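Before any questions on binding or motion, here is one chain by itself as structure tokens, the form predicted alone.
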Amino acid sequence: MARVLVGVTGGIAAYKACELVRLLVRAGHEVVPLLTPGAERFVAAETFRALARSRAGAEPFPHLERADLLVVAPCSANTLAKLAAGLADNLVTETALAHAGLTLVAPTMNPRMWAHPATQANARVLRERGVEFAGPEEGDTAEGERGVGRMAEPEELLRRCALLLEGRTRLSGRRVLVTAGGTREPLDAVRFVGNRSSGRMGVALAAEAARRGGRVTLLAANLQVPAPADVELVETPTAADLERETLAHAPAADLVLMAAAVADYRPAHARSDKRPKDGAAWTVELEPTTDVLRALAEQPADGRVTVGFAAETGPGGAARAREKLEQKALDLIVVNDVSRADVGFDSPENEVVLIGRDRERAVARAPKEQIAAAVLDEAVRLLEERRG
């Protein structure tokens, strides 16, 4: 089994970390508890050592020990800020800075503290570095307020730990093709027809697939966010570029995730120079681009799993997505409502429905990194069922 470091920070929720340690030990993991001075104001270190079945002084440099997973639970607002800034002023933050494996944090704090822009900025920084988040959850807090700030329950944290540890190798050796961003179709030398996709969802999928051991190729259409460092990056600025590279790379892929927003139309006649502004009207004729998903469906699949995305508005979106699933021979389609201002385009969060041939699953609003994990969970399940 795995070696798990459990960092406990100051807060009343420290008592829940005792149960988490007990559950991890019962699951067969080797657990090393690490406490901040603030945590010891709530629960003694001896309690954690007893639950972990470890002895004091067993690790002379515990923050430098090799481990498969670091869990910080509870993670206070103060510790979250330290982790984002790279500070190392106690055993937990020293460990986080030296740890090279998977990291899961379970924030807990007053709802107003969690909602503060500084805390949200710290969370974004950590997610961009690949740190996984569990919670915080909505409910009553210790000081009597209600809102988002409660620590995730130990059973949920155990489940997330199992998924992370299992996911380290579930895509090992598999080839994964991901498309991300929004294509731009030139009108002239400086203008284009485009869309609002930032590529954040596709980048999150590529990063998650790479974390699970996949050999990832990312077809990038005008990304507005940095691409992961551990993937093969291929620039595909236009629909034609993305079509060409998708059809070239897909035959070797085990899993294809088509998250890019590909233009449905392009100017029929693009100018090579800049059209001067002269006060006259400019009538542009648009012609349809190739339907990349339909073209992909015409290729032999050879056991490949293909995941499409449907950006829908208004009622009937799920029904249209189901039709798309059938018409384009998809194994899974991810549906989200882009008419909402709080999720989807231009937002770090999303809320989706995963529609497959045998079941549907709603994924509640969450950061796109968590949405990506949910999508990969389902896609990997389908891949394993298909290829044994």
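These figures come from a predicted structure and were not determined experimentally. When you see a residue number, it is the position in the sequence shown, counting from 1. Here the rigid core means the biggest group of C-alpha atoms that line up within 1.5 Å when the two forms are laid on top of each other.
There is another form of the same protein, the form predicted together with a small molecule; it is not shown, and what comes next is about it.
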Using a 4.5 Å heavy atom cut-off, indicate which stretch of 262-270, 306-314, 103-111, 276-284 touches the small molecule in the model of the complex. 103-111
Considering only heavy atoms, tell me if Arg66 and the small molecule come within 4.5 Å of each other in the model of the complex. no
Would Gly38 show up as a contact with the small molecule in the model of the complex if we use heavy atoms at 4.5 Å? yes
Even though the small molecule is not shown here, does Leu23 get within 4.5 Å of it in the model of the complex, heavy atoms only? no
Can Ala77 be called a contact residue for the small molecule in the model of the complex at 4.5 Å between heavy atoms? yes
Counting any non-hydrogen atom inside 4.5 Å, which residue from Arg200, Lys82, Arg160, Arg211 sits next to the small molecule in the model of the complex? Lys82
Listed residue (Ile12, Ala366, Cys18, Ala374) with a non-hydrogen atom within 4.5 angstroms of the small molecule in the model of the complex: Ile12
Pro136: Cα shift of 2 Å or greater between this form and the one not shown (core-aligned): yes
With a threshold of 2 Å on the C-alpha, tell me if Pro111 counts as moved between this form and the one not shown once the core is superposed. yes
Once you line up the core, how about Ala13: does its CA shift reach 2 Å between this form and the one not shown? yes
Relative to what we see here, could you say if Lys368 and Gly149 have their Cα atoms closer or farther apart in the model of the complex, with a change of 3 Å or more? farther
Knowing the Cα distance between Leu83 and Gln224 changes 3 Å or more in the model of the complex, does it shrink or grow relative to here? farther
